[in-house]
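What follows is a single chain, given as structure tokens, in the form predicted alone.
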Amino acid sequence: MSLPNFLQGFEIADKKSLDCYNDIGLPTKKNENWHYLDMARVLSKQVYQKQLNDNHKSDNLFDAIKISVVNGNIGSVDNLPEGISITVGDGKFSDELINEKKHPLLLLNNSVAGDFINIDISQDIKQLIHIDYYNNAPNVAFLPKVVIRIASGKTASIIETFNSGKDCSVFCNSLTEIFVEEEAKLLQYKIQQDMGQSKHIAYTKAYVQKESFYEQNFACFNNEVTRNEVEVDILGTDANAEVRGVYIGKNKSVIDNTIRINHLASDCESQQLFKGVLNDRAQGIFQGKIYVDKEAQKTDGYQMHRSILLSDDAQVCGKPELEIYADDVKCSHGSSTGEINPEQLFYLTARGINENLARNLLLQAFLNEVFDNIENDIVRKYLQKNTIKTMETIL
């Protein structure tokens, strides 16, 4: 029994998970849920290693409670306000997540030794909680393990940023499990902006209880390979879940957003909204599903994916789905792909605006529907600023 060839230097933590992973293997296009992204091919040529900490320090852009993770090594967390506990080290994902899902990369994450980041929130936390992942070593692999619990009636916001050096080759396999108790509110932001060759696989599972609210906003700024997979179980009545995202790709980048929201209780709402811009030979993938159990009457579910292609070689694969077993519901879904509106572009250039600037303005306006829903002003402005910078590099 051994770890796969593309991972070097890691210790085995859970033999059962590794045995199960080795039986399944990396997902290929034969797996319907991975039909558009062949991970066996993606990881076939590179070897990634566990790296030592390089003591990188970054600015506290968000005036946040900050946890730094450099090359997979977690730094200390000091001066925490009352109402939040952050521990590093021992931890455990739920048996349901590991044993029942049989998700290959989820099993791989659990089989490899590594410190957990355990975040327990027992009071309202006004400051952002920032997990800052940074990699500056060649061929580095890291497998983040995060468990977040927010107590009944409390509110908090968490942001995760992923950055790497320009010449770095990175494999990230991130696993996050979130528990949102009754009448609680958790806002989660994930921003991926690696400069090098990065393969980023993330799986987030959230359990949302009665009268609570969970939201994830995801942004990907031109990564090599990305899969952002989110699954939300709405378990209590009058709960709400929203998952939104923006992605921008160029060259041969592949960006996959796979979202599933399971309505398992009545009188609940959910929203999925994703928008993307692709140039060159970049590929976007959206697989979104709303599942409505027979007990989940009076469900209101909305799902929409829109993308703009700037090149004839760029492509998008959209797969919106509804699976409904209740008869008193209101659900909608859709996916559309197009190009910049030539009439709008002509309108701006006819008034003396440079064509590239005009394109940038139109694309910003296109993506702003997602940004406008972001509650935190600091995060929203940060995303808008990075969108402008990224757009200038792909036009």
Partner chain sequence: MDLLNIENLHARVDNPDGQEILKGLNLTIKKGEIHAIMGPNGTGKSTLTKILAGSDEYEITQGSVNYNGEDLLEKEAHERANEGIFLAFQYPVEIPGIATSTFLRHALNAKLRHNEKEEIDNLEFIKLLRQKAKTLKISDEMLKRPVNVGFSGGEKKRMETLQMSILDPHLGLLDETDSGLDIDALRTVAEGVNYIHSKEKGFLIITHYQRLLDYIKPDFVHIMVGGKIIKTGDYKLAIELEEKGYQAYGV
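Just so you know, these numbers come straight off a predicted model, no measurement behind them. Residue numbers count along the first chain shown, from 1.
The same protein also exists as the form predicted together with its partner chain; that form is not shown, yet it is the one meant from here on.
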Would its partner chain be touched by all three of 343, 352 and 361 in the predicted bound form, meaning a heavy atom each within 4.5 Å?
yes
Within a 4.5 Å heavy atom cut-off, is residue 33 in contact with its partner chain in the predicted bound form?
no
Residue 52 within 4.5 Å of its partner chain in the predicted bound form, heavy atoms
no
At the 4.5 Å heavy atom threshold, is residue 67 in contact with its partner chain in the predicted bound form?
no
Does any part of residue 368 reach within 4.5 Å of its partner chain in the predicted bound form? Heavy atoms only, please.
yes
Heavy atoms, 4.5 Å, its partner chain in the predicted bound form: which of 330-338, 57-65, 343-351, 22-30 makes the cut? Say which one.
343-351
